[in-house]
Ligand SMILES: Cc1ncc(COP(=O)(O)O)c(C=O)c1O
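First, one chain by itself in structure tokens, the form predicted on its own.
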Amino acid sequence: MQLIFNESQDYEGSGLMGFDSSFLDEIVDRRNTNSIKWDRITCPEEGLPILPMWVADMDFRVAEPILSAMQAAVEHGVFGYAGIPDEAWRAVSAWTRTRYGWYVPTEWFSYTAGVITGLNIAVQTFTRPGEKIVIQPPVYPPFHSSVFENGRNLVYNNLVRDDDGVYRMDLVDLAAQIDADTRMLVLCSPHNPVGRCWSRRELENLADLCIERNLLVFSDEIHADLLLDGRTHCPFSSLDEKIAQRTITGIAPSKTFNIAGLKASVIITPNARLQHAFDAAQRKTFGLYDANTFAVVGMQAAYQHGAQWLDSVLEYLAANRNYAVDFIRTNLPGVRVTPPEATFLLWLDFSSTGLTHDEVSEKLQREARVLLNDGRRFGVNGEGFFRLNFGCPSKTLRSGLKRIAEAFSR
């Protein structure tokens, strides 16, 4: 098998116009920094170190305004209990209005450490043990655990993949599965791992069904800012007033600005009754009273001053995606890939390689020495799939793809 790649070729992700994007090509050594992605991997064999391309955080330095704001907080030298200043909430509201065309009054905001934290609070607050909650696999693994570990029952409304490799919602199946015990649907928009940016029409059809069947919706929109090719995010709650009154939305600067470790997320709840119950549960049931000092500072700086940084990152990610898709189609004919419309994640189908799922996993780790996310963790329809993170310098991406191609060419 001939491998068509060139480590030294010019790369379209470099030299972005109007902004110094050289930081995107910088290889930042993240080893020995308590990084889950880089430090919590097992390398029992000697030889080529394993290259982590799994956990969904990017390998780029954060925007300078975020660093400056946090450095100023450090230099102040006092780190007492922190609240959320009004200007931080105004920055979030300005962001949703500018990026999504969605005006969100600051009164709808609640702070939480993570969108999945918010999901767990919502599950425990608005459903009872034994009741049913719908998820749409293959989907982010904590969606599964947030339901069954809280004693609720999962309803699997599996996504359907068409002949072009594009995933769609199966609303006929969803309608057939909803019964009197079904209380909530957890939406992933944009979708992780399949990379769909749901169209307004798709979301409207889902909203109509949720209203008809009286379902509460928790909409995880943490990847809302990571849309590629100029697409615009459509918040589920923005569709109309009826769906807004039954939707709790989670957004965050974490994936967008690569500050997941700061633990800052925003819950948006237009329904005052639901918001009051959510906030009361945070305080009284879970004891989550205050925000983290640096999370507040980083979140505010990101939403106020991070737009130009993000625009450059999005252009770079699109070039990374295009390179990866072309490379895989040329050098890995047994691997099927559909270009994602959003996120920095590729959902790779190895089912035509002639290998079992476990054999693919073994080859990736022991021969290619590349660590990807195991697709089975995303649901039973993840068998034969692995998730690759291309939110990294182009040199890192090329190295990882080359390792995989060489392993599978043997």
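Don't overthink the numbering: it's just position in the shown sequence, from 1. In this text, all values refer to a predicted model and were calculated from it rather than measured experimentally.
One more form of this protein, predicted together with the ligand, exists but is not displayed; see below.
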* Asked: Out of the stretches listed (234 to 242, 250 to 258, 155 to 163, 321 to 329), which one is close to the ligand in the model of the complex, meaning heavy atoms within 4.5 Å?
  -> 250 to 258
* **Contact flag, residue 263 vs the ligand in the model of the complex, heavy atom cut 4.5 Å** => yes
* **in the model of the complex, residue 188 touching the ligand (heavy atom, 4.5 Å)** => yes
* Asked: Taking heavy atoms only, is residue 334 within 4.5 angstroms of the ligand in the model of the complex?
  -> no
* Contact label in the model of the complex: residue 174 to the ligand, heavy atom within 4.5 Å -> no
* Asked: Can you pick the one in 116, 73, 216, 307 that has a heavy atom within 4.5 Å of the ligand in the model of the complex?
  -> 116
* To do: Check each of 267, 194, 301, 222 and return the one that places a heavy atom within 4.5 angstroms of the ligand in the model of the complex.
  => 222
* To do: Let me know which residues along 158 to 179 have a heavy atom within 4.5 Å of the ligand in the model of the complex, or say none if there are none.
  => none
